[in-house]
Each structure stands twice: as structure tokens, then as C-alpha cells.
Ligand code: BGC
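Here you get one chain, nothing else, as C-alpha cells; it is the form predicted on its own.
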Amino acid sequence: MLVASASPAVGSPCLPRSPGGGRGRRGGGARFGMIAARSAPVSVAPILKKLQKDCDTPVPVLRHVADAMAADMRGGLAADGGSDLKMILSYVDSLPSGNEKGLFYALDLGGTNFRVLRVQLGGKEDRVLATEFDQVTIPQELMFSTSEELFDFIASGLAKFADKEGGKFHLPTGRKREIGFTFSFPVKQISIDSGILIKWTKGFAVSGTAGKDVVACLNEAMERRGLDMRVSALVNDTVATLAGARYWDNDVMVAVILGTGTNACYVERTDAIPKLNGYVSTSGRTIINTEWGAFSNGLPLTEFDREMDAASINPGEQIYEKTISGMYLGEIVRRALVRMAEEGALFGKSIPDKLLTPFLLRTPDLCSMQKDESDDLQKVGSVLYDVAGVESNLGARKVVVEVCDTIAKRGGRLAGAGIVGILQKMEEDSEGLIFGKRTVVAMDGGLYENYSQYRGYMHGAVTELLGTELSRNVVIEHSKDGSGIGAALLAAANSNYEHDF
């Protein structure tokens, strides 16, 4: 652990990127100005030590998080509002088996781009014969437009993509094209092919959609465009990831997204869902979308987490997501560095205003700095200067790496505890279902894929909680872009037409 030895000298240089002073405040300020650090700075070491203590995740803390996750899952399954976890019924009764044949489409709408994909399925022997995909950027003005304008734009993009169909892609005569619609916004699912939008998130503010069936909105737009296509499955990205991974491996029971945001889903027995109210599944099982980002029980939080939460658009909500997902890790680090710069002169006698910009530091910046193994931590210095306008000496860079590692370690280990909580709940309901055989957790998302230190901490926490022997049966696998093909596979598994098995 780096404490006193890593602390920079009080007078370590911090050169302004432009001459002159300028005033600033925590969380905002002019772009290139400088503000003064505290006139009589304290050492950075106590601030770093407190941060590490507050973020500590020993096994008893992880055990509590896993147990609380399992308990909240039960509460959410018992009744809507029964816990922090919504435990949303996906209405996915039929998972892909490998027998599916034919041409199917997928549409993935979850941010400022939407993706379209088509896949030709060849059944058990040939599986996926061909795939093609395209990505379309949504103009910013459409994020604040009407429901009709947004869905007309999406239908237009779909139609252009469908017009290029050919080669290895064949639609049987007399059939409509069927599409799996991955819609990663809060929806109250009504059936496998319908769901009411609760609210827009991720910067969208489209009027006239809240309270409406998003599938109907898309189907109507496709009809207006003259596109012969219908939605046969509405899913979120986590459910689609599980389906895509399950197509290749029958042992997949859980899927987790760790990217900008986070979520998890798993295969549940319908007789373990008290709130079903008479819903009957043909298979006796379904996929439950946990919406685990809302979990909050027993999480080790710092003053920087609390400050960030209070300043967020949803204070008091999504606390688990705010401690483990890619959207927030960089901001927690930035807030800690600002405190160290103000009170401990981490970067010398002045602080660039730019460092006071919320969400300036992103998770890829953290990842890049943690991967720096050079003697002078040159990459750390470059990131600090290029992103935040900060001049740093070696001591300051070492502290920055320690802060990044502290936040990444807490995030990764808490994510691992959440996974164990899900597995634990499933095992308690059906002894031997999980720990008595090979069980696969499918992972997707840029945070998991690209941040090796975070990924290692997550895997380590799972092993510590389960023990070496049990953890051998739990396989955590990366399922890259599984959600795209997964939505198309769910369209196939829930097709209106009989398969020629």
C-alpha cells in the first residue's frame, strides 16, 4: 500500500495550461482556469487511507452483500415493491434450443445508436449459417422528439437494412419477417411481445410514449413504412445475452451486463415466483430480470459516493449500479482526487478548473492508468494532463493509481458478491441445481471485457465466497455481443410459425 512514500511534496509543480488565475468550485468551473489548493495543506496519506478503509470488502462484507442480494430477490419475487429489486417477469418461457431454422431479425435500442441484425438459422447441425448487422446513429433532436418521429426513424433504418437482404438470407414464402426487439429502458412487460414504457432514461425525453406499448409503437411505424415485419419478442439486453449464450451452452443459467450500466437476469422456476398471479409457463420456468442496479443493502460507501449520489438525477436510487458500473467509477475517482488536491496539494499549489468538471474522468481512463507498468508512470501522467490538464510528479501518479485501484477493487468484488447472491438463491431453492454441476454465468459489457483488473477482482471475490471446490463448477464466460443474436434467437424461439425441426 502506498501511503507516505507516495505522497507528493507540498510544493510539487502544477503548471497552468494557460496563464492567469480564474475562480472555480468543486464540481464545475471554467475550462482552463486554476484554483488554489488549501493554504496549509495536510498530507494526502490520511485521505487515501480513509478511502481505502471505507472501500474495504473483506469476505464478511461480501458474504453480507450476497445474502442480502438473495433475500432481496425473494422479496421482489413475492410482490411488486417487496424489495429494492423489481424482479421483472420476462415472459420468456422458450429458450433457444438449437433446433430453430429460418431468417430472423433483431433490433437493439438502448442508447444513442440502434443496431439491426439478421441471422439465418440452420437447425441443430448447422446452427448459425450467416449474420449481418448495421448500426445507425440517432440524431440528437430525435431524442427530444415525438414517439412517432423516433419510431418512424427506426423503422426507416430497419427498412433500408431489410432491402439489402439477399445472398445467404432466405425468407420462406408466405411468412412475415419476425424481429426480436431489445429495448433497454424501463418497461412493464405484459407478454413476450408487449410492454408498457415506464419512463425514458439515458438522455431521452421523447414525448407521447410513456404509458404506451413500445412494441405497438414500432409495429405501427413499420406498417406506415410498408415494412412487412412484426415483433415476436420484446426483451432487455441482459435477457437477450442469456438467450444468446444459452443457444451455444445449455449450462448457462445467469447473465450479467457490466458496462456503462449494469444488470443481471437468471433462469427461475415459475413455482418459486409467488407474485405470478395465475400466469402459467409452458416450460415451468422463465427468465427473471432482476434490475439489480437498485440493490443497496450493506454496501461499503464513501463520502465521495454520497456526494455523487446527492448530485445525480436520481439521488438515493441505483446505489449498487453507482458503485460497480462503468458510468460512475471514474467520477468517484475524480471526486477523491479533487479532495486530495484541495486539502493535500496532490498536484501542487493550484488545481486546474478542468479537474472540477463532473464525469470528466471515464472508466477507460482508469483502465489505461492502471495498466501503466513503466517506472515513471508516463501513461498516468499523459492521461492526467490530456484529460484533466493536470501536471503531476511521480509521487502524485502513484497516489492516483492507488485511488483507481481502490475504486475498481471495490466495484469488482461487489459485482462478484452479487453473482454469488444469485447463485446462492437458486441453489437454496433446488439443491444441486447450481453447485452440484457445471453452471455458466454469461458476461457482457465493455467494463468486464476491457478492464482486466476489475475483472480479476470480480473473479477473485466469487472464488473466495464459494471456496475453491465449489467455484470450479461455476464458469464465468464472456459472451461478446450476445444480446444482438440473442434477441433474434428469442424471436425464433417464440415465432408465430411452426419450425421445421
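By rigid core we mean the largest C-alpha set that fits within 1.5 Å across both forms. In this text, residue numbers run from 1 along the sequence as written. What you are looking at is a predicted structure, and each value in this text was computed from that prediction instead of being measured.
This protein has a second form, the form predicted together with this ligand, left out of what is shown; the following refers to that one.
The pocket of the unliganded chain is judged open, since this ligand, transferred from its pose in the predicted complex by superposition of the C-alphas around the site, places no atom within 2.4 angstroms of any backbone or C-beta atom. In the predicted complex, residue 262 approaches this ligand with a heavy atom inside 4.5 Å. Residue 201 belongs to the set of residues with a heavy atom inside 4.5 Å of this ligand in the predicted complex.
In the predicted complex, no heavy atom of residue 323 sits within 4.5 Å of this ligand. A residue is said to contact a partner when one of its heavy atoms sits within 4.5 Å of a partner heavy atom; residue 90 fails this definition for this ligand in the predicted complex, lying far away.
Of the candidate stretches 177 to 185, 402 to 410, 366 to 374, 218 to 226, only 177 to 185 has residues with heavy atoms within 4.5 Å of this ligand in the predicted complex. Out of the listed residues 257, 332, 420, 85, 257 is the one that sits within 4.5 Å of this ligand in the predicted complex by at least one heavy atom. For the options 100, 193, 291, 72, the one in contact with this ligand in the predicted complex, meaning a heavy atom within 4.5 Å, is 291. Residue 318 is the only member of 292 to 318 with a non-hydrogen atom no more than 4.5 angstroms from this ligand in the predicted complex. Core-superposed comparison between this form and the one not shown: the C-alpha position of residue 198 differs by no less than 2 Å.
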